[in-house]
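Next comes just one chain, in structure tokens: the form predicted on its own.
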């Protein structure tokens, strides 16, 4: 069983990743860091608390993450993708104002110190909170076993700009810091998450097996997500589960991904290519070695992805 701390900006695909983590017997979710991204930090925090309450897991600590990128700029949010509250048509009955003015990174550091060299961090939102944690206490963060980040687009177009993926574009300074400084790092980019699809048929099958309040929101939020994607990419057969794909990478599921190792940089000083992830995949390039070497997922087995998701989300844990 893996001890995982999930860093999320809890919109729709984050919520599916969180639900999967709560239902997977191989995951020991020991904490969630919620920051801005798809929605503001207060709503993201509120959504995590709401989902944990539905799951009967209010024992899992929630840490308040960053409110804006390291540049200090006001973040942009995406209600057209995730809904005003971040959960599509769902309106959690908890006021977001309850979670204002919170800062408790010490809780994160205590979780890591109490589980030294056993914690896997999975970051599926902006990289800001993760970078801040490394800035604030590099000594404690050295005790993290491994880190997985959903972000970047290497040989695929971006989804925030022509070249940049949304998480890296939302805070390219933090993304570059993480890619350049975090050891034992794996990146799950759009190159694979675009193909981590759940079709309406699969979602309906999951819904027929739902037996809890948490599982019952899967279909309405993914139906909302599907409607957006049908407008954005007409004919797409399902919804890409970007964040779930990153969480699953941390579980070393046999045959799910193929990887290459490269040094990674993220552009943050330009105007045209801010947020672009850069690695050398030219002919003749090869896997790198050393502390700045990052593992990058470049191919996904969709059959393995879907069968595993069905297995976990239709079990009755």
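Bear in mind the structure is a predicted one, so any value in this text is a computation, not a measurement. Positions refer to the first chain, counted from 1.
Beyond what is shown, the protein has a form predicted together with a small molecule; the following relates to that form.
Not one of 19, 207 and 221 places a heavy atom within 4.5 Å of the small molecule in the model of the complex. Of the listed positions (115, 159, 137, 186), a single one reaches within 4.5 angstroms of the small molecule by any non-hydrogen atom in the model of the complex, namely 159. Only one listed stretch (198 to 206, 238 to 246, 137 to 145, 85 to 93) carries heavy atoms within 4.5 Å of the small molecule in the model of the complex, and that stretch is 238 to 246. For residue 38, a non-hydrogen atom is located within 4.5 Å of the small molecule in the model of the complex, even though that partner is not displayed.
Looking at residue 166, you'd find a heavy atom of it within 4.5 angstroms of the small molecule in the model of the complex.
When contacts are judged by a 4.5 Å heavy atom cut-off, residue 124 counts as touching the small molecule in the model of the complex.
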